[in-house]
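The chain below stands alone and is given in structure tokens; this is the form predicted on its own.
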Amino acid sequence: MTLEHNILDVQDFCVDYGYGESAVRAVSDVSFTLGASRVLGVAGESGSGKSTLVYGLTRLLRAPGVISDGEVTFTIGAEGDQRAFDLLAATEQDLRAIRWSHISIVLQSALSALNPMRRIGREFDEVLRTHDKNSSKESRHERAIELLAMVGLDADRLDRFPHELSGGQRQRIMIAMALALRPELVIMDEPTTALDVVTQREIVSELYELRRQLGFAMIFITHDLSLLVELADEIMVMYAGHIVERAAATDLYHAPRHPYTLGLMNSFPPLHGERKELSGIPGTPPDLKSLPAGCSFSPRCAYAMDICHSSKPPLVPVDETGRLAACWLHDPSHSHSVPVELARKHVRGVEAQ
């Protein structure tokens, strides 16, 4: 039996904006691994560090963004013929060879990513020709038609300009282009944010089926946790540049352990089930230039204790499932009762006290 290997290994990764004493840490000490063919969801509010994290990992950060610490190893190839790349030490030539061929990215706004002066067919042709200069124009055209069919679009879209397509069609085209060279890792940076709810669900369902067919690993970034439950194997929640909770997708969604995760869940209405009042998260995300002492979420947390305002909680296992959370509520050394909302157990698709 073939054992699954880790395609991405990230250790103590940090990103700053600016230099010297004026630098602001946007991503702090993030560590995780991603197995081949697995899906990692990354959730959090705007400004939590989600996009900065993946742009840093892929060396796409723009100034004044600076990778200040950490290790990032990307492994490609089948078992017995694997090659590991240190993405932080890779040369520009190495990165050009890896991007699109092995790592591709779908941006939040397809209208901004696509050239408004080019027909869709020319966009596909350029991607395919750049990475296979010996390919013929006819073979590239056939491949473009095949890719469009994979995301449910007809071949006539190749003759259209981006403004002639709907938002959902443009985003499907970006997904098809990301899959053009059969990469091992696809990064989705909030690809459904600007779309209506029905189109969001359609694209998530298509991604699920494409991943099942093609076997690529995926990092899916969003602020809507409900989107990740049906797509991700594991979810990582970020706040103020830190991981505050990480767990299997269904465990985290049905039984959160961090108050911030609970707040994110209560910020979006469910598509099914009983109606309920949305509580959301009070206040606003902190200024990264002057983070509060202790837990960064404590000023907005309804369950904050004295220690939360003075000491930063470590990211540690908090239950028998092995999930990680950075919250003093689960520290056994403190005499307090964990709120029922953060003590539920998720068993076979149901919540249990």
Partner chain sequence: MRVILRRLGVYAFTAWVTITVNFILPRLMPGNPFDQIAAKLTGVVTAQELQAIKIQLGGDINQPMIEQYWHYLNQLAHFNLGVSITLSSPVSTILAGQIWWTVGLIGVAAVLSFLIGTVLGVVFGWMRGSRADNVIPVATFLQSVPYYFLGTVLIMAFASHWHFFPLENAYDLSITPGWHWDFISSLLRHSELPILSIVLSSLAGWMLGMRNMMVTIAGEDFVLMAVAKGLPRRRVIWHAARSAILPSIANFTLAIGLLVSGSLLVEQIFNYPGVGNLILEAVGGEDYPLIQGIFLLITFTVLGASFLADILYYVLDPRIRTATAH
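Residue numbers count along the first chain shown, from 1. None of these values were measured; they are calculated from a predicted model.
Only in words, not in the display: the form predicted in complex with its partner chain, which the text now covers.
**Q** According to a 4.5 angstroms non-hydrogen atom cut-off, is T130 in contact with its partner chain in the predicted complex?
**A** Flag for T130 set to yes.
**Q** Just checking whether L114 would be counted as a contact of its partner chain in the predicted complex - the rule being heavy atoms within 4.5 angstroms.
**A** Because a heavy atom of L114 falls inside 4.5 Å of its partner chain in the predicted complex, the answer is yes.
**Q** Consider A304 of the chain shown here, and say whether it contacts its partner chain in the predicted complex, taking contact as heavy atoms within 4.5 Å.
**A** Result no; A304 lies far from its partner chain in the predicted complex.
**Q** Examine S109 and determine whether its closest non-hydrogen atom to its partner chain in the predicted complex is within 4.5 angstroms.
**A** Taking the distances in the predicted complex, the answer for S109 is yes, it comes within 4.5 Å of its partner chain.
**Q** Which is the contacting stretch out of 220-228, 136-144, 204-212, 158-166, given heavy atoms within 4.5 Å of its partner chain in the predicted complex?
**A** Looking at the other structure, the answer is 158-166.
**Q** Do any residues of 165-197 have a non-hydrogen atom within 4.5 angstroms of its partner chain in the predicted complex? If so, which ones, in sequence order?
**A** The stretch touches the partner through M174, M177.
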